[in-house]
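Heads up, the chain below is alone and in the form predicted on its own; it's given as structure tokens.
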């Protein structure tokens, strides 16, 4: 399904029972809603599930390619308004987690609970900002396929790549299909994002934290830092998984997710 937000077409999918608790899934960079297929299937009709492509990614429009995290949060809140959802559980992976944390900081009244997957609260340091700026220039010059080739080893375990697991092929296909302008725009948005660490102690909703045991981008130590600062939060380390823990070990991921959602009543 599609809607228009600020002149740009947004793609989203809905499943489950609209009368049940709404759970909105935000994918990471530079992916699409498709990464959540197994999670939506696991939730079935017990929840009202929504997964969307944030600005520039997947089937959503690229627009002008000039993105910010603030704009991504604006888009999220506008989508919730369009779907007439007053409150939802928010699930964010990687960049989706950056969006989720900023949304919680800005609009805490819109969320019943949060699931933070393979993410962190800190903003990029100077080295990180420069790395993203260089990557933005490179993807516009060399294209999405070259970017994907270099990106895949950073987000999957060596085993997953060697075995050519279907998830690796799916993610490669998604990245290659994304517009280089949109990939570059989202790199710059991440480089310019605010640090949400100071707001962690203000989070009062139930919080689940999941991270791949072999995540090299947002490490288990990053996840422990989140857990130590969010009162009452629960942390699970996902075995046999790297940055895309929901894809490499969906059984463990889904079991912990469902346990958490069921605990909300």
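Positions refer to the first chain, counted from 1. Keep in mind the model is a prediction, meaning the values are calculated, not measured.
Missing here is the form predicted together with a small molecule; even so, the following discussion is about that form.
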Kindly confirm or deny that 52, 79 and 100 each have some heavy atom within 4.5 angstroms of the small molecule in the model of the complex.
no
Counting only non-hydrogen atoms, which stretch in 70-78, 87-95, 164-172, 107-115 is within 4.5 Å of the small molecule in the model of the complex?
87-95
Partner-contacting position among 136, 182, 160, 190 - heavy atom within 4.5 Å of the small molecule in the model of the complex:
190
Indicate whether the small molecule has at least one heavy atom within 4.5 Å of a heavy atom of residue 205 in the model of the complex.
no
Look up in the model of the complex whether residue 29 has a non-hydrogen atom within 4.5 angstroms of the small molecule, and give yes or no.
yes
Does residue 243 reach the small molecule in the model of the complex if we count a contact as any heavy atom within 4.5 Å?
yes
How about residue 217: is it within 4.5 Å of the small molecule in the model of the complex, going by heavy atoms?
yes
